[in-house]
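Just one chain is shown here, as C-alpha cells, and it is the form predicted on its own.
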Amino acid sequence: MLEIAGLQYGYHGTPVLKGIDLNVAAGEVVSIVGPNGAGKSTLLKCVNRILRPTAGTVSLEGRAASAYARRELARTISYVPQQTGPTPLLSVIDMVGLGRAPHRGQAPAAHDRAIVMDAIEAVGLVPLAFRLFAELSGGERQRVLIARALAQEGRLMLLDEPTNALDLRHQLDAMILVRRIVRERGTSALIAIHDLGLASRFSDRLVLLSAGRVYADGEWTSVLSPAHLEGVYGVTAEVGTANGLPYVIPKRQTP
C-alpha cells in the first residue's frame, strides 16, 4: 500500500527526517512511536503531501504519490490531524461531511449522507450531530476528526495522535475502531502515537523513530525492548504483559 524510501525533510535548514525507509502493507496497522521531535507528525505530512520532501520517494499502491492529483490523493488517503488552527463554525454533521468532498459528483447525495451518518454513529456522536464543532470539548472534537476520516473512505488512513485529548474509554474505542475498519475494509493505517501500550496492543508493527531515523521496526516485543527505550527515551522501563495485554512502565531517567 505504502512504500517510503530515503525520505528526508527539514525546517528552515534543520534536518528533521534523515532518510526514512518504511513499508505498510494492505490490511496492516503500523504505529510510529518515539519521543517529541523525532519526526512522527512530519513523516505523516510528507506522505500526505502537506509537506514536500527534500529527498526520497513516497509511493502509494506502486505509484509515486507526487503523480496523484490532489482530489485523487484525497480519495486514497484519509487524514486525522492533531487539533491545530482556527475552529470552523460548522456543525458536527457538516464537519464530518467534509470527508465526502473528494467523492462528490461520483455518487448520489443520499449515498454521501448515509456514509456521514454511519461515521458519526461509529464514533458515538449521534447526540451531538447538530451541535457546533466549536462548542465541543477537545475529546469530542477529536472524535469528529476521526469520523471525518472514516467518511473519506481512503484506502490508507494516516492518524496523528488519534487518542489525543480522549478519555480512557474513548481512547480504547478509537483504537478498536481503527483496527476494525482496517480488518473489514482491507485498508491500511499508519498512526503516530505516544501511548506505547495502545500502540503495542492494536498494531501489527511498531516503527520507533529517534532523531529523524528509524531506530527499530518490527513486532512490539522486539521494538520496545528495555535497551531500545533507554537508548531513545533515556529511561529505564519495565516491559511486559498482564492478562495478555502489553504494558510499558517508565521507572527512572538515565544519565
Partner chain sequence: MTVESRADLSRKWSRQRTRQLLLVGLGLLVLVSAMVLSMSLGVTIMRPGVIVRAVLSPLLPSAWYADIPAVQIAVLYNLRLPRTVMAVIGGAALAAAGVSMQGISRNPLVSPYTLGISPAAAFGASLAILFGLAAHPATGRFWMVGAAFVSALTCAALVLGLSALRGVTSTVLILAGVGLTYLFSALTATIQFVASEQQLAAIIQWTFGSLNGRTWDEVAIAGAIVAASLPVLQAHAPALDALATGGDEVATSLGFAVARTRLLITVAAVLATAAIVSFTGVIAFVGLVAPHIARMLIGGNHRVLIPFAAIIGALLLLIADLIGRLAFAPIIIPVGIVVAYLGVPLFLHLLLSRRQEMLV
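Here the rigid core means the biggest group of C-alpha atoms that line up within 1.5 Å when the two forms are laid on top of each other. Predicted, not measured: the structure shown is a model, and the values here were computed from it. Numbering follows the first chain given and starts at 1.
Keep in mind the form predicted in complex with the partner chain is missing from the figure; the text below concerns it.
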| At the 4.5 Å heavy atom threshold, is residue 142 in contact with the partner chain in the model of the complex? | no
| Would residue 194 count as a contact of the partner chain in the model of the complex, using a 4.5 angstroms cut-off between non-hydrogen atoms? | no
| query | Does residue 49 reach the partner chain in the model of the complex, with heavy atoms at most 4.5 Å apart? | reply | yes
| request: Look up in the model of the complex whether residue 168 has a non-hydrogen atom within 4.5 angstroms of the partner chain, and give yes or no. | output: no
| message | Based on heavy atom distances of 4.5 Å or less, which listed stretch (222-230, 194-202, 41-49, 209-217) is in contact with the partner chain in the model of the complex? | response | 41-49
| query | Check 93, 113 and 134: does every one of them have a heavy atom within 4.5 Å of the partner chain in the model of the complex? | reply | yes
| Neighbours of the partner chain in the model of the complex among 139-172 [non-hydrogen atom within 4.5 angstroms] | 148, 152
| said: Please state whether residue 73 has a C-alpha shift of 2 Å or more between the shown form and the other one, with the rigid core used for the fit. | reply: no
| query | Is residue 117 among the residues whose Cα moves by 2 Å or more between the shown form and the other one after superposition of the rigid core? | reply | yes
| request: For residue 126, decide whether the Cα shift between the shown form and the other one is 2 Å or greater, given a superposition on the rigid core. | output: yes
